[in-house]
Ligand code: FHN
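Take a look at this one chain, the form predicted alone, written out in structure tokens.
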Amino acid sequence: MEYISRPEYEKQLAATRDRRMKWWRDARFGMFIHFGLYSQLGRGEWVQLEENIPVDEYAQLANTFSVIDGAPREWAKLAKDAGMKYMVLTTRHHEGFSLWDSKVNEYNSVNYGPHRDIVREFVDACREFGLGIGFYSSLMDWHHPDAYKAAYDPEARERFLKYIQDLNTELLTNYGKIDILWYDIPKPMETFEGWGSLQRNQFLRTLQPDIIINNRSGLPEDFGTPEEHINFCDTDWEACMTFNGISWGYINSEQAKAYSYSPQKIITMLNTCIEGGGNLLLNVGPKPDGSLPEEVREPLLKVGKWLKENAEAVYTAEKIEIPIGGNGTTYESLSGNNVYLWTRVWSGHPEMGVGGYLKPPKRITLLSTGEEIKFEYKGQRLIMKDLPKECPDKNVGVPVFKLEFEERPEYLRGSYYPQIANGFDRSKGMKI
């Protein structure tokens, strides 16, 4: 095919990005699945490299890799029940083992272990539950003999880049419409030129014209991927987070439980992502047989129940680019003229105040039930009244109040206190 220059390519992407990205921007919440041979060892997905396990020795894990029937369906059902809108699967991690019936890479799950196409099962499960489909595809490979030589041997590089393109061609032609291509770790080459990413990505987009691609092949493509931290970006972005702050791959469930995220922490991360206009891609590392680890199920199901009742504060919310606020116990989200107060701690008092809105809302409701909340507006104080002693959210203890304004809300934090109101912008830090 005839390739275009990088400026032309990026102009072409920009012209279609809003259309291609709309579903993803609305989705807000997805599940990352890290599953591979490393799951059997339970010491993280980098165990082969970190422990210097020889390639031939590590490859024996392919013979003992066993996956229970219906495992991908179990993942997808939990994602759906948790309120997630899409999934991304490690189709081939850095270990080089493909989870599909690859004709390019014989080191795969059909020739070894379960003798099944796990990617096919994953795709079918995503479609059954109406979830967007994402394929993680590592560029680094610890198994392929040309992978490390590619940095200095032109012939090895040519062979390896063809291998990478052929693998991704299989993924993007054998399973119908795919929504996301999620690259990782462009090593040993350091630049997009070294990886041939401009040409490869142009070609892959001819196979899947609506696909969105992340920024880990050396080009910005469609969205950024801050990892294990939530960092606002100027472009579309997605924070990918482990479930325990330790490992992407499976680690002992009983011991991981103490480090794992609570429903409240997950909701906090989701709110932070929404505030900055990003998504949350929360990881689950299935057990060696593909079943779900115990410590992820209950928190995600609780989050899912909460999201069913408070969906409006999440999926329709926008990046916060105008000042809004709550009080010391709330997070906030914004959609049109509506402000949503996510109340983290319920005081049990009959009144709760919010200071700084320069005009009153026309209505306040408890989002989960639509129940009207009495309030008065005094000066620039908004005081909600006759609140119950017991927290009204029985799922995770985070009730959401919807404040409906006639027009876009005007807000100045602590507007009675000029030393704060005129000198503090929470998005930029303290001004002196």
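Please read all numbers here as calculations on a predicted model, not as lab measurements. Don't overthink the numbering: it's just position in the shown sequence, from 1.
One more form of this protein, predicted in complex with the ligand, exists but is not displayed; see below.
- Heavy atoms of W46 reach within 4.5 Å of the ligand in the predicted complex, making it an interface residue.
- Contact between Y357 and the ligand in the predicted complex is not found at the 4.5 Å heavy atom cutoff.
- Mapping the unseen interface onto this chain, E227 counts among the residues with a heavy atom inside 4.5 Å of the ligand in the predicted complex.
- In the predicted complex, F243 stays away from the ligand, with no heavy atom inside 4.5 Å.
- No residue in the set F29, K80 and W306 has a non-hydrogen atom no more than 4.5 Å from the ligand in the predicted complex.
- When the ligand is considered in the predicted complex, only one residue from D184, D101, E74, D236 comes within 4.5 Å through any heavy atom, namely D184.
- A heavy atom within 4.5 Å of the ligand in the predicted complex is found for exactly one of F160, W342, W248, Y86: W248.
- None of 91-99, 195-203, 311-319, 106-114 except one has non-hydrogen atoms within 4.5 angstroms of the ligand in the predicted complex; the exception is 91-99.
- Along 112-139, one residue reaches a heavy atom to within 4.5 Å of the ligand in the predicted complex: Y136.
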